[in-house]
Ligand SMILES: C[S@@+](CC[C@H](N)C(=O)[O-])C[C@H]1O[C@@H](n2cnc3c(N)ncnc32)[C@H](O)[C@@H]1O
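Here's a solo chain for you in structure tokens, the form predicted on its own.
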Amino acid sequence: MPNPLTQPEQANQAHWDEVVPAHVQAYEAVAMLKAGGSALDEIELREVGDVTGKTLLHLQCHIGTDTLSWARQGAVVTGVDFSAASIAAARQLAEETQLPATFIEASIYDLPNVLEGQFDVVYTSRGVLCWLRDLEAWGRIIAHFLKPGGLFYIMESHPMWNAFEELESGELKPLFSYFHTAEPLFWDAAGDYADAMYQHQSPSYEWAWTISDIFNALLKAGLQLEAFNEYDRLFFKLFPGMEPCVKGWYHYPQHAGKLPWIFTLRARKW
């Protein structure tokens, strides 16, 4: 049965449609792909491993930069996003780079109704979980689309930082709950994470999920956890006081090597 979007999800869909032109211009990954490069980090490449000839489903693919980067690594890729503007931009980028890819406009929760088959790898990455209202359904959908023996992989910001705000450079205070609530946080129009000069015209809603929520969603879906890692850098400038470290990554120099900013997780369907 169709799984209609809730009001917060409809608002988020409009929000992501709106920001696509700004992201096409602001994402360094777009230029990297057009120049023959990749948007993937060495962490992802090392932890996922060789994907040559493997089928890969990318959930919440946005404008497709990571999807197409996996295609450049030799995977047979399918990207999914609920934003029509994002999917249109992804298809345009695939055409410009001449990288083979299938892109589908659909909500994750509706995907079993519009996509058939199973995949060697289900992948999702970087700033995706806060847009999901139902993490247990997310886990079941991952399991649904994985072949037996297939790999699920995620790289994501550490959820504890969703609770914090920066008071002064490097001084962080918990102002929000770390724990999940049914009602999402409402964010009015604000600056964009990829382009500080761009001001959102539409609001958005976000749901908080803990590390245990993520683990339990995958375990309840029958997946077996293989690896969980944490790293001390972040893939965007979450707080104003953060500074660049490795190219495309940020941290607080005064806290270098002390705080987990992202995690990665591998799980397998048996």
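The first residue of the sequence shown is number 1, and the count goes up from there. Bear in mind that the values here come from a model prediction, so they are computed numbers and not experimental data.
This next part talks about the form predicted in complex with this ligand, which is not shown.
- Between 92-100, 70-78, 141-149, 125-133, the stretch whose residues reach within 4.5 angstroms of this ligand in the predicted bound form through a non-hydrogen atom is 125-133.
- Of the residues Ala163, Leu172, Ile154, Ile108, just one reaches this ligand in the predicted bound form with a heavy atom at 4.5 Å or closer; this is Ile108.
- Contact with this ligand in the predicted bound form, defined as a heavy atom within 4.5 Å, holds for exactly one of Tyr231, Tyr27, Trp209, Phe215, namely Tyr27.
- Using a 4.5 angstroms threshold between heavy atoms, Glu18 stays clear of this ligand in the predicted bound form.
- Contact check for Asp41: every heavy atom lies farther than 4.5 Å from this ligand in the predicted bound form.
- Contact annotation for Phe82: at least one heavy atom lies within 4.5 Å of this ligand in the predicted bound form.
- Using a 4.5 Å cutoff between non-hydrogen atoms, Ser204 does not count as a contact of this ligand in the predicted bound form.
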